[in-house]
Structure formats: structure tokens, C-alpha cells
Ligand SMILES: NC(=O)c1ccc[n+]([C@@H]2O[C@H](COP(=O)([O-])OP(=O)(O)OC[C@H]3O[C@@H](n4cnc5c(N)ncnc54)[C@H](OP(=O)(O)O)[C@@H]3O)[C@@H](O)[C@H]2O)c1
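Below you'll find only one chain, the form predicted alone, shown as C-alpha cells.
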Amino acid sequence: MPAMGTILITGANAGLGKEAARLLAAVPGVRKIILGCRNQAKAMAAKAELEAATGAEIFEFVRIDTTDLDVVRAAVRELPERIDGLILNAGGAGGPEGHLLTQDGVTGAFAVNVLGHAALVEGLIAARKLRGTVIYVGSEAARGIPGGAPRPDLKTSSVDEFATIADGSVLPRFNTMTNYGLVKYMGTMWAGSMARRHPEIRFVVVSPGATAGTKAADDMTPLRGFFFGRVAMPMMRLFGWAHGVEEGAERYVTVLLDDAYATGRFYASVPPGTSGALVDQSPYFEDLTNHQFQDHAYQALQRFLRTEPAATGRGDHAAH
């Protein structure tokens, strides 16, 4: 088992991130768990609940908003020590406004799932504050879910085409789940490229699977959210197509602590399922391990990782 002294989890005040923090508190050798959250009040409430549940006073807070590169980079500067395990959990389908552009020229969905995390990882590496294992939280949607999200089917997989995933122009008409699958696919490919660029760090993509008890319904219209939470998810759990938050978070913890899960690989449910055994997805979708495609995704993402202060007066962009 790799050394896991300090662990940072983004999106840790609720759902899968919070549950992962709870589970990791019981792991021998874990001495600090940093909750990376946008909202300090919610984070401190989660911290108090975690301390009460685990009896461990090892939780700390750092403000991280993956839709705001300036906030992410401030967090990198603020962190006083090296991170041994990093779980890039913050994300979501983006909801009805997920297609709106941030000040960095990417969709809100891409910002929260990919761009902010890339800035965090690359900033920590540059500051020599990262070692060990990085878990990028993926989704079965990145390899396609029958009836849920189509398999990503890029025409050329060029740098320019990957850039259209980031800025949302890949879709002539925005579709939440189709876009979510493309975004998670690009994040998965970026992680694969990073694994080869930084062999001293283990990069593994892990899907939590279809998980009840998260805020996934918040990204949907009220009617669809009600149907998903009250009808679809209970039915999926009944037939073994979904599981609870603890099972989803256990996937993170299992992979984080077990070097048998190889760097540069994407682990998720056996297709076409969204629950059950956790397996390497490359035998089912060969594009996932195409080094050229991975590097194109990485290069496209670099176009949006600005280093200068954010411009003002960008009225055509959503506020985040």
C-alpha cells in the first residue's frame, strides 16, 4: 500500500467526496485530509460532521473552486505541504447552464470537471507539492452508456477537435448527458497523457458508477430530477445497476490504496453496466489508450490554462 500521509479531496463537503473522506480517516497512516471546497461554511459543517462520525481530528479546509483558475492557483500557494493522494472529485453534468462559457472560454461543465483540476494538478507539480497518486473521477459516460450517453465519437481526435469539447462548440445543440460524456472523456485522456509526462506520479481514472445519494439530480430540470431521484435510481438499485454513496466512494479508496490499479488507465464498471466490478475500460474502447489522442487532449486543454489575471467586462460569459 502506498504511503498516504496527506490527502486532498475536491468537492469534499457532500456526497462522494465527503464519504471518501470518512472512509480514509480509518486508514492507517493517513494523518491529514484536506477538504477542498468552494463554500467555507459548508466545508466547516462537513468537517464537524466528519470529526463526530470518525472521532478523528485530521480534517482541514482549503478553498478550491474548480470553475475559477485564480482561486485554484491561490489554493496551490496556500497549501503548506506536499500532497500524497489527490482525489479530483468536484464535478457534475452542469445542469441547464452547463453550456455557458466561463471567463476562460470553456463551458461551465468543462471548467468544473476538467480545467480547474488540470490547473490544480499542474500547479502542485510545478510547486513540487504533489507526489503519490492522483485519482481523476471519471464516468462510464466517457465510454458510453446505452440509453444514457452515446460513446464519444470524434471524427479526427485532433487538438482542434478536442478544443471544441472544452468550449462547447462540438455540439450543435447542447445536450447535458452527451456533453458530460465528452467532457469526462477529455478529462480521462488528459490524465492518460499526464501519466506519461509524469511517471513519478500515478494517475488513475476511476468512475464511482451510478450512485444514489449524490446531487446529480440538481443538474437536471425539476421534472427530470424528480423522476431520476424518485423513480429511476431506486429501480436501478433494485436491478443492481446502481449503488449507494459508500460503494461509490469505496472505489476511490480502493484504487488510491492499491498500486495494482495501473497508472494511465481508466477503471469503471463492466460495460454496459454502471455498477459492480471495477475493471480496466481499454479493452472495451481502444481510443482510451491511444497516446496520440491523449496528447491532443492535453494540448487542447493547455490553450485554456491562462496564466494572466482574468479579464474584466466579459459580458458574454456566465458568472461563476
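Only a predicted model underlies this, so the values are computations on that prediction, with no experimental measurement involved. Residue numbers here begin at 1 and follow the sequence given.
What follows is about the form predicted in complex with the named molecule, which we do not show.
Enquirer: So in the predicted complex, is the named molecule close enough to Arg143 to count as touching (4.5 Å, heavy atoms)?
Expert: Contact with the named molecule, no.
Enquirer: Using 4.5 Å between non-hydrogen atoms, is Gly98 touching the named molecule in the predicted complex?
Expert: Close contact is absent here: in the predicted complex, Gly98 is far from the named molecule, nothing within 4.5 Å, heavy atoms only.
Enquirer: Using heavy atoms and a 4.5 Å limit, would one call Ser193 a contact residue for the named molecule in the predicted complex?
Expert: Output for Ser193 is no: heavy atoms all beyond 4.5 Å of the named molecule.
Enquirer: In the predicted complex, does Pro208 come within 4.5 Å of the named molecule, counting heavy atoms only?
Expert: Flag for Pro208 set to yes.
Enquirer: Check for me: heavy atom within 4.5 Å of the named molecule in the predicted complex, for each of Ala12, Gly92 and Tyr252, yes or no.
Expert: Checking in the predicted complex: Ala12, Gly92 and Tyr252 are all within 4.5 Å of the named molecule.
Enquirer: Of the listed stretches (193 to 201, 74 to 82, 111 to 119, 157 to 165), which one has a non-hydrogen atom within 4.5 Å of the named molecule in the predicted complex?
Expert: The contacting stretch here is 111 to 119.
Enquirer: Tell me, which of Met186, Val106, Val137, Leu130 has a heavy atom within 4.5 angstroms of the named molecule in the predicted complex?
Expert: Contact with the named molecule in the predicted complex is made by Val137 alone.
Enquirer: Any residue of 44 to 65 with a heavy atom within 4.5 Å of the named molecule in the predicted complex counts; write them all down in order.
Expert: Result: Ile64, Asp65.
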